[in-house]
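One chain follows as structure tokens, the form predicted on its own.
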């Protein structure tokens, strides 16, 4: 411990990555400070500790997604003899929002209790700003400041939804995922602008809850993901009732008696429609404005605003580190930020040498038909290795459970294998319980298993995962 400073390590940002750094450091007996302040959305939406994931991201999104899936099962319930089930019953939005917020607030309280009762942690519900390489200014909601010092500083401020800059009053005429999960009024007829995983996930569960939903897509679905899988997701969403307008973006959004008149140009013709809600999901921007980064010499990407850090999470200032969504080139995923934080503390205090590996990270998109993947997409694999050097195995199938109510659509799986050594370099699964299936196969990819290894695995029958170990058809 350096008595020159008040804290051994100080974290700005109380999301998943920041809380992990705080937790790991206090376990080692370090003097730890944490500053976390939630800037309201343009509609005034605020939330508690924990960052995006438990408040306006992973957790409420998954709860609403699961609610939509539960609604689908009504048809299977009727088909299998359950009495008193109305497959056409309507959903109550306020009941869902209240339950989601109850669970979110439970997580907030657990975080708050932990921060207050854990020795060695000082929590500031204040906005942190760098004054020099060892000094942080802490600004409260009334604008009052105090200053603290630390040997090490970690920036983990995450990101917030982006807005277009060419539509007047767009921030007040639209909502984002910051607002959706606590929306007091049912969204009604909704336009979702964007093709990110956030856009498709929200559009999917809103359709599943019974709302009239249209997705407006500028170009491709799920940029950065396997495009064959992305298009199959879009087709499945159409089967479920989600509409798509592709190849355009809004040119204007206006308030008309509390509704939203949206105009766009498609194939040279101006078109328009009126919606109850416009949900923007066009991407996220690093929440790094007004942090004082330039003042202390921390370099950022001028376009994205994200912090530039090396593989060991060091910024251009040697004692200042950055982890999570606010760092250029990092995966915007909660689990990667958590692991990154753990490894950072081990390197700082436990003679560790492991850095965070961002390749072969498993992830799942919780669209109505879930999509799990790890490793190379087919597009990226062909670009790097050449199509002639790959084997692409595929399987299209229908889960046994779907036959009860004659569900439409099919599931799909894909393995990307290098011909020269038979190593599986890409796994893609589109079907039920994608996160559970993909997590297991993530280990397979991480251990550089070969296709022959899977061929020697006896499948579990009947299951959807057995389709993957039995895959023999290749493009």
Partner chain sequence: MQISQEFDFFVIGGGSGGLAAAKQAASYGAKVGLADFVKPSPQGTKWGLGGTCVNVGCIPKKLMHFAAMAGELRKDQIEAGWIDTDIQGKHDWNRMTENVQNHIKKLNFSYKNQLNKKEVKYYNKLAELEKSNIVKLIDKDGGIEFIKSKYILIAVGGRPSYPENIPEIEKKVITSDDLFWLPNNPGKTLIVGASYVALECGGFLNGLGYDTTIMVRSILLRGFDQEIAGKIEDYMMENGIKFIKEAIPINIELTENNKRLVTWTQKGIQHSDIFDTVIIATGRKSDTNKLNLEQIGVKTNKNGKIICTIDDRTSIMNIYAIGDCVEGRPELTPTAIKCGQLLANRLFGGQKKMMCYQFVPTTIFTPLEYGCIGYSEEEAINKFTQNEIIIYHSIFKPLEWNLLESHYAQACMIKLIVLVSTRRVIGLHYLGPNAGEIVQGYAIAMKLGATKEQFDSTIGIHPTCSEEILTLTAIKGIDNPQKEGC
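Numbering follows the first chain given and starts at 1. Bear in mind that the values here come from a model prediction, so they are computed numbers and not experimental data.
One more form of this protein exists, namely the form predicted together with its partner chain; it is left out here, but the text below deals with it.
Its partner chain in the predicted complex comes within 4.5 Å of no heavy atom belonging to residue 260. Although the partner is absent here, residue 29 sits far enough away that none of its heavy atoms falls within 4.5 Å of its partner chain in the predicted complex. Of the heavy atoms in residue 102, some are within 4.5 Å of its partner chain in the predicted complex. Although the partner is absent from this view, residue 268 stays clear of its partner chain in the predicted complex, with no non-hydrogen atom inside 4.5 angstroms. Site residues 78, 334 and 401 are all in contact with its partner chain in the predicted complex, judged by any heavy atom within 4.5 Å. Of the candidate stretches 125-133, 352-360, 184-192, 314-322, only 352-360 contains residues with a heavy atom within 4.5 Å of its partner chain in the predicted complex. Taking a 4.5 Å heavy atom cutoff to its partner chain in the predicted complex, the contact residue among 48, 42, 442, 409 is 442. Contact residues in stretch 240-274 (any heavy atom within 4.5 Å of its partner chain, taken in the predicted complex) are absent; none meets the cut-off.
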